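First structure 1, then structure 2: two forms of the same chain, each alone, as structure tokens.
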Structure 1
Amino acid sequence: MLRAIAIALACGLIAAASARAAEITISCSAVGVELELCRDGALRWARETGNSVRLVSTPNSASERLALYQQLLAAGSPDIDVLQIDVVWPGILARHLLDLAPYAGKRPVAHLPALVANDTVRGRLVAMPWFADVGLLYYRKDLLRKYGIAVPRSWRALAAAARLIQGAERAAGKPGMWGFVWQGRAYEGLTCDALEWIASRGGGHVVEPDGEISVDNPRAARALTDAAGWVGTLSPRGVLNYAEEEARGVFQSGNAVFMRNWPYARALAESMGSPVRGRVGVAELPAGVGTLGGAQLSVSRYSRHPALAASLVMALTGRDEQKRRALAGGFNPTLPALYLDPEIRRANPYFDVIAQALAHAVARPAAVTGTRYNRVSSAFSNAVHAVLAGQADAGTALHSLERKLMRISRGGRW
């Protein structure tokens, strides 16, 4: 009898164990080397746990990625178990995401507290921090040296240097040279760039942490007017349709003096075969103001395998994997302990610059606007785009944006 029970139990355990193995689907960004890094990490987890993984690549534009997720999640689709989500999305997506606290144990305390707070919505841990991003200024070390120009500390100095070097290089037989490339398409990336122009000039953060809508002010207008003046002069007109990868393409092929981009671009610009390898400098953006970005991993509430999906999230956001990603792709850890890691520091000569930029980073108004953040950001980037494209003057555009934000917030009550 006992033997029979033992056998029955053993069979039950085996059945339970094999029932637990499953295919987990993870959606990742495909910008630069992100998809490969995500695949390698997920496959490692699959090997170690006896499960399998399926990768879903997502559009390069953060705004399009969000639209895809919203569609899937609104339909309650179980098609994706684990989602790479942006630092500004926890508030928007929270109701579709699993509370990871029961699976995370003590892990969150090892991460940057501000990111854990950002991923906690109404007491639920809806994501685990994966990497931290910040807007940076890339420059051609060789060209700045050649023309005896220091790394610019203000937007005015940047524009002057870009203009001068662009002109001299073109005259010296490089007709394709541009001064400055950045993200000018009407999408989340432009929200990040424009926040940098405005905040660095003391023009506020579009919506302030206390909910005040601050964007209709002369400093913000001045910042946008200046940026509109770059288009077609020191930035190609095509910049109005650039996201991160288009800007990197121009800079990495040697056709731009300066670029605004995230840390991922450094490892690629310095990779074997890159035309600008060995000639890339990285600095904080003018006035030391870069937008805070980054990604987290979440589990969909509609996943059929929540425990396994959470296990994959814990593995990918853990120390080993964050270190591997920092070394292989220059992704900034969300674990402060890794900022002291000698191997990571050696691998990236600009690690301290980037850590400084992160320490000074400005946040987009996602926390205060909550579920309405995407409407705020789209309204902002569309207004900025219209100014850049010469369809509206900055003052008028910001005035009507302020009115629109008032409506979105129902009179400033977020």
Structure 2
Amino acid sequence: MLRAIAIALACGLIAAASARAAEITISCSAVGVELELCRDGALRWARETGNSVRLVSTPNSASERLALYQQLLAAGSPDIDVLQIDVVWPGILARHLLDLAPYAGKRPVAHLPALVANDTVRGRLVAMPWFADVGLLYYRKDLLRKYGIAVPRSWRALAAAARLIQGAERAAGKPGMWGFVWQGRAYEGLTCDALEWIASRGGGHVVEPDGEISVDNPRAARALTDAAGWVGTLSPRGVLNYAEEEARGVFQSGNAVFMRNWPYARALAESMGSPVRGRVGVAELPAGVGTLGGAQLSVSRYSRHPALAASLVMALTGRDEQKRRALAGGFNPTLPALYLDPEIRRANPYFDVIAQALAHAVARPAAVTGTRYNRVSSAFSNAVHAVLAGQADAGTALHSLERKLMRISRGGRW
């Protein structure tokens, strides 16, 4: 009799445990080491909690992935519980995302404040920072040493150094040398570059956190006018069609003194066979202002298991997992304390630079502009491109842009 009761109780406990277990679906990067690290971290959480996880394949293209998310979320689909989202998507997707604050406790205060602010939309924490990215200045340390020039700390100093070294190297028989390459195509990359030029000169953030449209001002106009002066002089005319990889191609081939790019470019520039291997330095951008990038993790409001999905998010964005990702894949943590970790510092000697850059990073106006961010960014990058291409002067272009942003925002009401 007692044996029968014991068996019945054991079966009941197993049934109860099975009832509590759930499968959580997560969408993260579609390829490479990023996918592997996401899978391994999610499986670790599953083992520790007794649940299961399933990775959902999504397009590798950011725009295609966003379109898929928007389609699924608009339909109220529960097919994906946890979503990896870009740094500029919280405002776009906010109404479909769970408020993570009740599940996060005090965890957000340990993350980079700029990212937490970016992930907070109208008072709701709709995402948790997962890994960070920031604009950086790459330079040929051998050429700066050769000409006795310090790493420039202002845009004026960068232009002067680029002009001097470019001229001297061309005179020495290197006609293909350029002073500075960057992202000049009319796309999101130019939004990032131009925001750095403007914000570092005190020209604002295009749209301020309180919703004020601030882009039409003399300092912003001066920044764009100066950048337009680089085209065809310090930068090839073709820079107007450059994205990240085009700029990297010129720099890595040994044909540029300075480059603006993201942290990913360092490993490639230092790879076996790179013409500039061992000759590349990395620093903060002039005035220390780089655009903030990176990825976040969110939970769909339509998840059947919101608490478990939030638990997975907290595990993947926590200290242990971020340290593992930093060591195994070189991903930049969103926890400032990890930049002091001796093991991480040994693994990446440039983490000091990245930590400083992240501390001063500027966020794009995505949270405040919400679902209209893509229109704002497109309008901004197109206006900047027109100035760079000599099709409009900066003052006129920014005045016209402000009027357009007023229409997009319906009179400044985001």
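Just so we're on the same page, rigid core means the largest C-alpha set that superposes within 1.5 Å between forms. One-based numbering along structure 1's sequence throughout. None of these values were measured; they are calculated from a predicted model.
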property: Of structures 1 and 2, the form predicted on its own; result: 2
property: Option at the hinge, rigid-body rotation between structure 1 and structure 2, list Ala162, Val215, Gly293, Ala269; result: Gly293
property: Rotational displacement of the smaller rigid part between structure 1 and structure 2, which moves against the larger, in degrees; result: 31
property: Shift in Å of the C-alpha at Arg124 between structure 1 and structure 2 after core superposition; result: 8.3
